[in-house]
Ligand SMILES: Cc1ncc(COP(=O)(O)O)c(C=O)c1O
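Listed next as structure tokens is one chain, alone, in the form predicted alone.
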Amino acid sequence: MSLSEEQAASLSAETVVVAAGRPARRRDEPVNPPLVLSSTYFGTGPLSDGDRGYGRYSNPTWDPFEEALGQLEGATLPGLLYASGLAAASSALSLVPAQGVLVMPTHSYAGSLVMATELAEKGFLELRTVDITDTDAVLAQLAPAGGKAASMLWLESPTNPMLGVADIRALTAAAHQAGAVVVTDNTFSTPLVQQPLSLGSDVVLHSVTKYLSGHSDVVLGALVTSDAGLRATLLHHRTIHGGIAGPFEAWLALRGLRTLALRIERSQASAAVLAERLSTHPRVGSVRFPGLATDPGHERARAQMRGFGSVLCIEVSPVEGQHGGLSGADAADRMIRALRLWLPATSLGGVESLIERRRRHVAEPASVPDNLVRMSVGIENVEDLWADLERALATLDG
């Protein structure tokens, strides 16, 4: 491939997203890696390390994306591509030993939390949920006095959807002291904004569906680690459990990755503008966005992130009036229905701006306010986005 580990380390991430995962520079060779559609590969005799063998083991179209993502995360090894973010989460959770203890944020991504809860209900592991922004509370769950130490610490920072910011460096150090492996979901931040491996995490998880591919047209996940033993274990799990990526999806994801820096630059800047304006809007009760100086996670985010991401959340205020008015949830739903540019849909990280009231999902924890609206800011003109929001919020006055 085109970039060595040393070359990647010497370049900015904004350059690596464009240059990594390219074919060798030979006359008349393509500048982009080809799409390889094959379920098996020619070979005789016993398989050895490096042999592709079969389509569930490897595919040449996975390799460029896995190399590029590993280099972007500052890893010494290529990443591992999976069929979905939850397939990657399942593989990561397989690192918890039988009856081991998993410490996870109370406000984790609902899919990951449901998966961990179901494993706990079946007796495969013990699940301890905690406010990940409360460092002392997390430390108490990692190594409780007289209790069983944790086997894994699962981090999200910022969390989905509450945008809580964890002290990743302090928590990973404490987890390692307790003998736990640390997995950090870096989907919201992307490696351009935050690199959890450099903060002490052992494994980084991505829903590639989101910012990395960036166009709302593929479903993929990925794991990244610099630990050869962990990577071998995760690779074995992917191979045996079959959560593999389709080659066409992998090819599209790499194509989308090329514009990641431009998309993040634009969407982060717009998110900051919208957060500031929404924070003073009379129909908005509160705004959650680490970029606001008033946000409780602001200083932590400044210390460990290069920016503040492109997701923000608002709580829409109830509307008083005749016939009982509107609850906060009903007001949020009415506002969303009135939008013309923002797309009411789940997911995030695409070029288009998406919006939804998170508690419409039955799996979302009850501790998430029912009037909380998550907003994934895209790359449209920020004034157009604001005009659409302002007009939709104004419908609550009539």
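We number the residues from 1 along the sequence you see. None of these values were measured; they are calculated from a predicted model.
In what follows, reference is made to the form predicted together with this ligand, a form of this protein that is not presented.
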Checklist outcome for this item: The one residue among Ala271, Met162, Val138, Leu220 placing a heavy atom within 4.5 Å of this ligand in the predicted complex is Leu220
Checklist outcome for this item: The listed residue (Ser207, Gln71, Gln195, Thr225) that reaches within 4.5 Å of this ligand in the predicted complex by any heavy atom is Ser207
Checklist entry - Closest heavy atom of Thr129 to this ligand in the predicted complex, within 4.5 Å or not? => result no
Item to check | Partner proximity in the predicted complex: Phe308 to this ligand, non-hydrogen atom cutoff 4.5 Å | outcome: no
Checklist entry - Is Thr184 close enough to this ligand in the predicted complex to count, meaning some heavy atom within 4.5 Å? => result no
Checklist entry - So in the predicted complex, does any heavy atom of Pro78 sit within 4.5 Å of this ligand? => result no
Item to check | Residue stretch of 251 to 259, 282 to 290, 144 to 152, 184 to 192 approaching this ligand in the predicted complex, non-hydrogen atom distance within 4.5 Å | outcome: 184 to 192
Checklist entry - Taking this ligand in the predicted complex, which residues along 348 to 375 bring a heavy atom to within 4.5 Å of it? => result Leu348
